[in-house]
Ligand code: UD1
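The chain below stands alone and is given as structure tokens, in the form predicted alone.
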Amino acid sequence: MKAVIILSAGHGKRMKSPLPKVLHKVAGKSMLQWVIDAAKTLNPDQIITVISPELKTHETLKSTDIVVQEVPQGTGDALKLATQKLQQNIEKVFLLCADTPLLQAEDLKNLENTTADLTLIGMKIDDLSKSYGRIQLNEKCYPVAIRETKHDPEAKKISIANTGVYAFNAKMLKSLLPKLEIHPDSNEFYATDLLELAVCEGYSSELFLAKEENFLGVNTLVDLSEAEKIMQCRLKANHMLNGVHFSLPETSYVHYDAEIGSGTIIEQSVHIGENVKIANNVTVFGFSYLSNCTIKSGVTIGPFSHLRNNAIIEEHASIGNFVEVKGSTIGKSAKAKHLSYIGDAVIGEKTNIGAGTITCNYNGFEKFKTHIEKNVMIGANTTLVAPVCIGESAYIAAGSVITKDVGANNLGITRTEQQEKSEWATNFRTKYIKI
């Protein structure tokens, strides 16, 4: 049996944020959730998360056993607390850190397949000035100690750094933890000291190397930005390998749960937020913002479109520039090409929404629906005051304010009669212009 312990009790003061560090999001998912999801790929019998008191009721932790570290006394102390909650018959314990959202399942699988009493993942670094702890090897290239650079400046000459990810023989771990000594300069117990203790007591150790970016630790908002860049590259690369064309991928944002079909084109500076489902052969033109929406095949969106709140765009419909669709269904082959707001509406197939159309869906207290049947022509600059229904194949004259239902094949019009006053402009100007 195996267990995963996730260290998540640090306050993250360097983030300078009221939000606990591990709840900051990368591609729309908290760092803690990324690590929990990675841990689950091991199919462990138990996941234990060591947390600070402020996190104890957070919903992210529902799938794990929690241990509260009331007073932060280092990673060694957190590990001591966690092992007290291990289920019986746990034979192998994995240790992960909740501020490493780029962790990869493949690296954990490699860790799982080792047979040493203590196995750790290291990473080859080119920049020796970095503050990572360094892994000291013996003449046979087995790891024997982890040297912290802040205590041992000579350790910076070592190019293999510690990732903070380990696999322990559970019995060994329980026997070594009471032997950890507190560091007088910090009053903390360090989990990194376990390697040297294990080797001194004759336990076997093993090291394997992985990519440095997979273990980027997020301690500041600068680090968070770097993690976001890397995650965005990964997500978009996966989409592109599945047939999605990003014109300038580095300019667009993709939420981790986005579903995008093959043959779809995403132009520059597009935001694809949470719960977005895009079918095959869709084109999303630049500077569009999508969240909580479903876009079906053959649709064109944008540029500068905004879709949200469970908007549904049916096959071959077209949503154009500066059009916002909120909580509405746009029927097959319907069009809203310019400068319109469509909120809480159902638009029938092949209906055309003219430029400047607005559905007035809110009276300050309640929301109301607008229903427009198929083959309707809504003229430019129309205001539809909900609740209202426009019948099949009806016409609405440009510039109308529609407050009542319009029947099928009828014309709805609310204009006043045009008047023209002779020489009015000339007479008006003479009041202000002196010759």
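A quick note: this is a predicted structure, and the numbers were derived from the prediction, not measured. Heads up: residue numbers just count along the shown sequence, starting at 1.
Below, we turn to the form predicted in complex with the named molecule, even though it does not appear here.
Taking the partner from the other structure, the named molecule in the model of the complex has no heavy atom within 4.5 Å of any heavy atom of E206. Remark: K21 counts among the residues lining the named molecule in the model of the complex, judged by a heavy atom distance of 4.5 Å or less. The named molecule in the model of the complex is not approached by T64, whose heavy atoms all lie more than 4.5 angstroms from it.
Contact between D257 and the named molecule in the model of the complex is not found at the 4.5 Å heavy atom cutoff. Segments offered: 172 to 180, 126 to 134, 277 to 285, 346 to 354. Contacting the named molecule in the model of the complex at heavy atom distances within 4.5 Å is 126 to 134. When you look in the model of the complex, the only residue of S340, S305, N361, T192 with a non-hydrogen atom within 4.5 Å of the named molecule is T192. Scanning T119, T163, S252, S318 against the named molecule in the model of the complex with a 4.5 Å heavy atom cut-off leaves one residue, T163. For the partner-free chain shown, C97, A98, D99, T100, Y132, G133 of 97 to 134 come within 4.5 angstroms of the named molecule in the model of the complex, judged by any non-hydrogen atom.
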